[in-house]
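Heads up, the chain below is alone and in the form predicted alone; it's given as structure tokens.
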Amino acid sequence: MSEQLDLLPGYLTAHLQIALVALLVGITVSIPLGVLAARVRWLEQPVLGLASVIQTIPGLALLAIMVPLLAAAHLPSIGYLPAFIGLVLYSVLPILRNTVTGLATIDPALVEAARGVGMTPRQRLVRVEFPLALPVIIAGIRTSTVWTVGMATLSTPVGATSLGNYIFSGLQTRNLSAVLVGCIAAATLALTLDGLVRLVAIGWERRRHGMLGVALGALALLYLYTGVTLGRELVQARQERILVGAKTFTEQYILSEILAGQMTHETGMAAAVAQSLGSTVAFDALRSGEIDVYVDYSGTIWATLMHRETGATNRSDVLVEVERFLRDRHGIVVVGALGFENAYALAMRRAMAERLSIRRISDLVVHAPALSIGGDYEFFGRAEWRAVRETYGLGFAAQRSMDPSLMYQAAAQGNVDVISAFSTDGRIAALDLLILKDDRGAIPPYDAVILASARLQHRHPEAIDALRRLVGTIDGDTMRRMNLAVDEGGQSPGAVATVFLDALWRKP
């Protein structure tokens, strides 16, 4: 728990930087737009309709949409910007709707009286209509505040640090302490900000100037802190550093720490890690130079990016063609293979497999119509699953997509009968699962390879040299032990990476 609490100041500050700035911009946009919609009646339905459509998009999907859109516009597509834009859009509807509603419910007699004493439209708005509508508008701001703080936890997969780092990494590494700290901190922040906005409303309505001053002062201090820390980070971002990417599972967290530690040790340069990136987000970020290095898998590139057949393929040939494709098409440097494969595989409870005499995927075919299969979020949409299904003629009674961190437990507990496992996952042995042999070679080889951006090779060739010293140093058993130390042993990915690197550096 102490390790998680040590991370809290940084994660909380990053969360504030996204949520508070997005909320401020959302208020700045929504209130004038609401006033305009209330004045020009034909605008009301189109404006509210568009805001409502945006609100119906799931939060994570809205943030993910920002990535390709920004990339197409040649803007930073991971990190702060996509999260900020997504949160601004998500914050608009409650404030916009309440502004329109608040202005529409004002007694027309009061407006007419203001007109009768000679007030201009602007004076009527500022002195009469807006003050009367303010309680309703503040109610919308309160709703938007809670929504924005909650949604900001979803910024992690697009590369923006937030309290969501606790939740995403904690779920993947089965670290309940991390999940609890993230959830409690996010809830506390949302309630605190909501409480401050509520005090502003009460102070305004009841003319309690002391309460109003305290609430506004507290909010001003939070915004001052946010502005100072954000400005300092923007200045620091201009300084040279190496950014390592990591996808959303335990092995990637460990490997990213190993890459960062190795480069810092060998070059003396600072190396940071961007965790829990989506698979395509990581690749696109590397291609555009927004991250410098990460570990991917030859089979993923072969099937997903190169769109090659996933049938029986020579392992070394795949590596050669993948390297040529990445170099020629995208300018990406394949530093080398780490020495192990982490392939997709079908796995099931050993006791069940033995009872049904299933050792190979082909043995599974006759039993599949009565069984269920679970896969990670991507698996059932990937070329590998289509190849397995078509090669073996598999047809399951049910298929369920689930979080990878829950998939193994679901198999062990009998919630599903078969899962799309990762071959180096330590939980396979820990939970007594059996990997079924791919006897018809439907799944391609999945060598773990270090990929580096053209930017890193051009500006810091010494970092590439440092990474080359990792080539061939991790075999499958070593990776499984490291994964198990995190997933079952409760160690942090950073601690496991440090042990590995210390042993590596001691070697002559």
Partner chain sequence: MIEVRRLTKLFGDAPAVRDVSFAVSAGELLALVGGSGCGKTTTLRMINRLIEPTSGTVLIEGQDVSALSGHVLRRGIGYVFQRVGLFPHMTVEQNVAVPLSLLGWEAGRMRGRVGEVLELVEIEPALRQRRPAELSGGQQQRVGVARALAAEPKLMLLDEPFGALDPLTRDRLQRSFLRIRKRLGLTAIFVTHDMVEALLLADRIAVMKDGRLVQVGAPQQLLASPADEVVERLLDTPRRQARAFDELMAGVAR
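Positions refer to the first chain, counted from 1. This is a predicted model, so every value here is computed, not measured.
There is another form of this protein, the form predicted together with its partner chain, and it is not shown here; the text below is about that form.
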Checklist entry - If you check Ile435, Leu132, Leu171, Ala201 against its partner chain in the model of the complex, which one has a heavy atom within 4.5 Å? => result Leu132
Checklist entry - Can you pick the one in Ala113, Leu406, Ala104, Val365 that has a heavy atom within 4.5 Å of its partner chain in the model of the complex? => result Ala113
Next on the checklist: How about Glu390 - does it come within 4.5 Å of its partner chain in the model of the complex, if we only consider non-hydrogen atoms?
Outcome noted: no
Next on the checklist: When the contact criterion is heavy atoms within 4.5 Å, does Asp317 count as touching its partner chain in the model of the complex?
Outcome noted: no
Checklist entry - Is there a heavy atom of Met119 lying 4.5 Å or less from a heavy atom of its partner chain in the model of the complex? => result yes
Checklist entry - Would His307 count as a contact of its partner chain in the model of the complex, using a 4.5 angstroms cut-off between non-hydrogen atoms? => result no
Item to check | Residue stretch of 81 to 89, 318 to 326, 353 to 361, 201 to 209 approaching its partner chain in the model of the complex, non-hydrogen atom distance within 4.5 Å | outcome: 201 to 209
